[in-house]
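Okay, so we've got the same protein chain twice, two forms, each given alone as structure tokens, structure 1 and structure 2.
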Structure 1
């Protein structure tokens, strides 16, 4: 099976590498073309533009940073839309809002292409291990055809119906995750300032009803002030913003998520945006200390 892959950031690089290692022929593109080099060493071909990748491949996957990047790759000069045509499938696995997905879907289908949104739950390590959760919506026939690739990149795929539902599900999941990370950060600071051993807190949490992989994985590195980016904080804040906008659309009061969003914005304002989203812990420590 031959696929195109647009976007070789933290996630896209790991996902496309898994496809290569499992026998897929992959043609890659990235805005900074030098990021393609490692994939080429493992057998990938390079497309000079998104349009060139789509022209060559029946199926093209995109994994881009935000809505503006997702739209740019489709609509700009030498973009996806220039070569999408009857029978070609475009699968956008970026985390965007439902409106962005709908715009892309309408454009692709207007050229008789097939569209599927398929954002993922999971960060760098699950991407590397092929353990992502794929939240797909759109053209069911394309979903069925993409299952062999999804089974390599992820541990479970969901088909959620019409375009927009995948984007909404991803935003709800990441909104919950961002809110939890803020509560977790406050708990670590409170334990420390109260004279408790933070490592003991992690052990207690891990044996209770709120034990979860995120606390287990992030807690020890947070205590060590280590924030190598598995999921950059700036992207978490973008997802909080988009989730809050979804809340506005549906008249859902979200004070916890709104407070978490402010904490992530504060972290971005002091230069933590490119670190892991768990670096929000640093802003909690500063706020608590200054008070």
Structure 2
């Protein structure tokens, strides 16, 4: 099978490498073309431009760093839009907002191309291990066609209906995650200030009904006040803001998420936005100051 792949950052490189290793023919493109070298060593072809990749392949996957890169690859000169056409598919696996996804979708379909948004849950390690969770939405026929690729890149893929639903699903998950991180932080501080050993709390939590990988991974580093950014706090707060806005549109009142969002804002306001989102723990902790 022949697929195109645009964007060879940390995620895209791992994902396209997995495709190559599992028998796919992959034509790759990256803004800095030298990043293609390692893929070429493993058998990839190079496309000179996004348009060239799309021209060559039945469907093309993109994994770009942000909405402006995602738009640029489609709409700029030599972009996807110049070659997309009847029967060709374009799968954007970048994490972008609903507006960006809509714009791309409309442009692709107006040229009779098939479009799928397919943001993923999981970062570097799951990408390397082919263990991503793929949240696809848009053209069902294209989803069906891409299943073999999704099965290599991810441990599970979902087809969620119309374009926008992939992004929404990610927001809902991240909103729950953000509230949980606050609940966890409050619990750690309460334990500590009440004379309990926070490490004991981690052990107890890990044996019970709410044991989960996030508590297990983040707990020990939080206790050490270490917040190397796996998922930056400012991005978590942005997702909570967007999830609350989605709730606002649909008249869903979410007081716990709103309280968590304000805690993340507080953390941003004291300069923690670039640290890991678990740094919200810092604002829950007691800090004596003079005023």
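Positions refer to the first chain, counted from 1. Whichever C-alpha set is largest while still superposing within 1.5 Å between the two forms counts as the rigid core. The model shown is predicted, which means the values in this text are computed figures rather than measured ones.
Enquirer: If I had to pick the form predicted on its own out of these two, would it be 1 or 2?
Expert: Only structure 1 matches the form predicted on its own.
Enquirer: Where is the hinge, among 164, 216, 110, 201, for the turn of one rigid part against another between structure 1 and structure 2?
Expert: The listed residue located at a hinge is 164.
Enquirer: Name the rotation angle of the smaller rigid part against the larger part between structure 1 and structure 2, given in degrees.
Expert: Between the forms, the smaller part turns 20 degrees against the larger.
Enquirer: Can you give the CA shift of residue 180 between structure 1 and structure 2, in Å, with the two forms fit on their core?
Expert: Residue 180 C-alpha displacement between structure 1 and structure 2, core-aligned: 5.6 Å.
Enquirer: Please give the CA displacement of residue 262 between structure 1 and structure 2, in Å, after core superposition.
Expert: That residue's C-alpha sits 9.2 Å away in the other form.
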